[in-house]
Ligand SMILES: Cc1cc2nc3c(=O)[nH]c(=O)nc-3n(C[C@H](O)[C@H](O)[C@H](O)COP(=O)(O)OP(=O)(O)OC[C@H]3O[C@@H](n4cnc5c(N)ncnc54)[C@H](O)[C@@H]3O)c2cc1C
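In structure tokens, one chain follows: the form predicted on its own.
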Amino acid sequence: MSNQCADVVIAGGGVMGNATAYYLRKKGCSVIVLEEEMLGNGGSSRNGGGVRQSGRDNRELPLAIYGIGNIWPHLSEELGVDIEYHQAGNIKFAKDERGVEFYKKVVEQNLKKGLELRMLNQAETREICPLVSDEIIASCYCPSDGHANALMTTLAFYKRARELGARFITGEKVLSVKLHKGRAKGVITSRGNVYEGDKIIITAGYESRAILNSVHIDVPMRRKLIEVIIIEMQPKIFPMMITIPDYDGGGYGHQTDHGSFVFGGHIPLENYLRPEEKEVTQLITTASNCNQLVSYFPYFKDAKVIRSWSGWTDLCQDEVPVIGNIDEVPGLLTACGFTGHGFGISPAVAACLSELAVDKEPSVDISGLSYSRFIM
């Protein structure tokens, strides 16, 4: 077999691509993973690390439940790397009656799905999260949610997949899918190289759209800029993931094992930045995130931000991902459009992709996430 051929070729070396490569190698498939930049340099390493079931769309919820029930608890042991996974809960705050009513509906909807989710009053909220602002009058709490180290998880999948024989090639930007008699049989890169495989999987974030366009498949998504700040090491404050509602600006974070605090959110000034500025952190956007955090946690008002970064998320039109076979192009699969909440379901998504790639039924019903939902 040529060194540019494999059973499966994957475009995208983020957590989805790396994890899929791992599960495919466990099934005995030869795998090539192509990445334009450094492995994990996109959204996979530029997120808050949330692993949640609560508040998810019904179509992707089964992936979250499957991952938390079957994969995440033993993933560190399986990969041989401490990915800092903690099933320590997720708490979402409400400052006013609007928020209370919003989260009551969330609780009602999630209880129907079988999730353990409950409303907490102000006293109960402060009992499990004492440092929260006095302005918080209630919260919504899911004890079975959690968080992990996004970068460590991404690289742990890479490390284990490579140990099992997967090939990773960086500096190769995939431009298009190569067809043979109407079937996906390879990809063409910006260097003019052709990598061939029986199955082609596109997991390249927003860049997936252009790659899929090459075979007349168009996933309706756009880019959205996210920024994450890291606050200096603190004493152990709280173990759970915290969430600020979207209607109040949005945000999320957790304390790492190291003691530093990760907090991220959408940059509201995105449209006012010049294109060349959108790849780097700006003081004005960092200040916006800091103000948002301090409004919920005054404790952090004198804490130092030691670093920050910006990154793009692929925002799908209906805010849930496109996952699975592309029926219009046999042999082609994709996982993209995760809309900022892909990390938590990444192991389950990868497991399903690896099953589909060997023509097996996926362990989770992902039929509601297929590209066909956009075909009129």
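Owing to the predicted nature of the structure, the values given are computational and were not obtained by experimental measurement. Note that residue numbering follows the sequence shown and begins at 1.
We do not show the form predicted in complex with the ligand, though everything after this point is about it.
- With the partner omitted here, the residue from 89, 251, 205, 197 that has a non-hydrogen atom within 4.5 angstroms of the ligand in the predicted bound form is 205.
- When you look in the predicted bound form, the only residue of 24, 352, 15, 9 with a non-hydrogen atom within 4.5 Å of the ligand is 15.
- Not one of 71, 157 and 357 places a heavy atom within 4.5 Å of the ligand in the predicted bound form.
- Note on the interface: of 230-238, 172-180, 111-119, 158-166, the segment with non-hydrogen atoms within 4.5 angstroms of the ligand in the predicted bound form is 172-180.
- Shown alone here, residue 56 lies within 4.5 Å of the ligand in the predicted bound form, counting heavy atoms only.
- When the ligand is considered in the predicted bound form, residue 244 lies well away from it, no heavy atom lying within 4.5 Å.
- Taking the partner from elsewhere, residue 49 is found to have a heavy atom lying within 4.5 Å of the ligand in the predicted bound form.
- Interface membership of residue 41, defined by any non-hydrogen atom within 4.5 Å of the ligand in the predicted bound form, is confirmed.
- Taking a 4.5 Å heavy atom cutoff to the ligand in the predicted bound form, the contacting residues in 343-357 are 343, 344.
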